[in-house]
Each structure stands twice: as C-alpha cells, then as structure tokens.
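Below sits a lone chain in structure tokens, taken as the form predicted on its own.
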C-alpha cells in the first residue's frame, strides 16, 4: 500500500506540531520518522492512524483519501511504545483479541493467531501471560496482534524504547525480518538514529514539525542537505567549526586543511565526521587531549588552532593522552554550509 501525505499540518493555536509535510512512502517500504523530542514525528503517526485530526492537508492510502476516515476503517495495525497487552489474557488470547472483536469465528481466529505467532517466533509461548514474557517477547506479541487483522499499513510508535540495549538490537532486526516477510508498508517513529538507519529503507528526519530530508539512510549520512541533518546523524557527532576560505584553500584558524577551487572567499561552517580524519605523516601536527576506548575504535580529542575536535581511529593505533600525531582529512570529506545551514558541497 502506497502512502501519500500532502501538505499535512497539525496546529495547536499558533504552534505547528507538523508543518506542511509532503511525503510519499512506496508500497512495502519501511520508513523511519526520526528526530528529537517534540519534532512532530508521533503527531504525524497519530494523524496517519486517525487518532489525531489534521488541521490541514490530506492523507492517501493508495488512491483512497483517508484523512477523515475513522481509525477502525483505515486497515492499519498500530503498535504503541508500552505494548498495551491485556495482562489477564494469554499470548494466544491477546493475539486473537482483534479478530474476536470483529466477530471472526473462534476456530479461524485461533488458526490466524497461531500463524502470526509462528511468524514472530512465539508459537511455544501461547499459554503464557504477558508478565511471564521478556520485554522483547511482549513487543512481538503486540506486533502479532497488530498483524493478525491483515492490515495494509503497520504503524509503530517508539516500539523499542522500553528495551535494554542488547534487546533493542535483537528486536529491531526481528521487526525488519517480520516486515519483509509480510511485505507490509511500515512507518515507525524513533529518536534513535542508529535504530532508524539500521532497518529503514528510507528515513524522514524532522525538526520543529518540518521534514528536513527524506532519503535512503546511507545517502543521507553521506550527503546531508543541511547542518541540522549532518549534526543529528552520526555517532560520535560530526565536528563543526567556523572555517575560512581564502586564496583557494580551506582553513581552520591558521591551519590549511585543503586546497580547493570554485568557491568564493568567506567564512563558512565546516563539518568533518570523526572517521573522516586519517593519521598520516604529511598531515598537520596535533596532540591527544583525551583518549577514549570504545571497543574497536579510539575516540581521540584534540585541538586544532583552538577548535576542539575529535577523530575516530582504529584501536590498534598506539596513542595515549598527551601523545603527538599527525592528521589529514580524507578527500571530499569536508562539508561546507552557508549562513542558512544549507550544504554547499564536500571538498
């Protein structure tokens, strides 16, 4: 089911929680709505679900305008952050509940419930109550219950936020597997960029109710359209600093980073991702102010002409606090942004 969002707006007085959103989600895609708290992503999801009425704009599921259609007639499956399972019911009864509610006969409801339980790998736990399940298992029950109605669209609101780190990774992979097996168009809300980037076909990054960029995750990471997206995506965060372009070169303070052509002299905001530096003998000299081991990598803090920056290097590099080394920047990895925050290019 293709989803088309046209000029979608939700206003509360003068405050616009969602402001003129335009988005097309192709049939069978998994799309992440990503952004900081209060950016409008959950409001968007609730408008898609029919739980919140838009102030303006339209929502289409396929060719059908569903903007004013009630939730129960939209053919959606909805999974909330807190799972919302019935504690007095077994797994089987929880999954069957939407079908029993629709007066589907018990035999068929049970067959479909077991079909969904098999899909989410819960077939051996059908007699258990929710309190006897792990957080990840409860989440899969909620997904099975949402899918048992055979909806055309699956909507997930912060589906992994109540899980610990290890379980989040496992469960997000499960969500992706289930989504691909069923082939259902899915939209999920998250503030976790790693979560969104790891399983989404596309990501819509939002800020202050506005979609800043809608793109394939890797393309967005490599080619952010503006400074907000560049800073929001990436762990550790991108290095940003004031850079001067003069006489065909980019400078950080008095340190020449790169010779370039075709760009007017002036002051710009530069962005260099920590992994875009490289240790090399012909680079500029720096000193490690602090070194943090992150497992496979070293995160090294240093100062370049008074600018505090970070480099992500492989942990086999023998550098300690106070140690001197030389750095350069990989080709086409210096992002320059204009005064409005729009990206000019990579140099």
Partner chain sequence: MEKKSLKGYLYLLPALIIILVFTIYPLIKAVLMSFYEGYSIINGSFDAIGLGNYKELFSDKVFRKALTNTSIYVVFVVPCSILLSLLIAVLLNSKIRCKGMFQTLFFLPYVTSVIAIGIVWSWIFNSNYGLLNYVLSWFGIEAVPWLNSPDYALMALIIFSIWKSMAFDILIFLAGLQTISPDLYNAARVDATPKWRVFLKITVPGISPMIAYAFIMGMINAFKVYNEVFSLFKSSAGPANSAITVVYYIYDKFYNSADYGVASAAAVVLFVIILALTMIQRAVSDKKTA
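Here the structure is a predicted model, which is why all the values come from computation and not from measurement. Residue numbers count along the first chain shown, from 1.
We do not show the form predicted in complex with its partner chain, though everything after this point is about it.
*Asks:* Using a 4.5 angstroms cut-off on non-hydrogen atoms, would residue 267 count as touching its partner chain in the model of the complex?
*Replies:* Residue 267: no contact with its partner chain in the model of the complex.
*Asks:* Taking any heavy atom pair closer than or equal to 4.5 Å as contact, tell me whether residue 183 reaches its partner chain in the model of the complex.
*Replies:* Answer no; every heavy atom of residue 183 is more than 4.5 Å from its partner chain in the model of the complex.
*Asks:* Though only this chain appears here, would residue 274 touch its partner chain in the model of the complex if you measure heavy atom gaps against 4.5 Å?
*Replies:* No, residue 274 sits far enough from its partner chain in the model of the complex that none of its heavy atoms falls within 4.5 Å.
*Asks:* Classify residue 85 as contacting or not contacting its partner chain in the model of the complex by the rule of any non-hydrogen atom within 4.5 angstroms, answering yes or no.
*Replies:* Flag for residue 85 set to yes.
*Asks:* With its partner chain left out of view, choose which of 253, 135, 71, 236 has a non-hydrogen atom within 4.5 angstroms of it in the model of the complex.
*Replies:* Flagged contact: 71.
*Asks:* Ok, 285, 289, 51, 317: which has a heavy atom sitting within 4.5 Å of its partner chain in the model of the complex?
*Replies:* Looking at 285, 289, 51, 317 one by one, just 51 meets the 4.5 Å heavy-atom criterion.
*Asks:* Within 4.5 angstroms, counting heavy atoms, which one of the listed stretches 209-217, 97-105, 196-204, 222-230 is next to its partner chain in the model of the complex?
*Replies:* Checking each option against the 4.5 Å cut-off leaves 97-105.
*Asks:* Candidate spot 112, 120 and 177, all three in 4.5 Å heavy atom range of its partner chain in the model of the complex?
*Replies:* Result no, not one residue of the spot touches its partner chain.
*Asks:* Would you mind checking 59-81 for residues with a heavy atom within 4.5 Å of its partner chain in the model of the complex?
*Replies:* Residues within 4.5 Å: 71, 72, 76, 78, 80.
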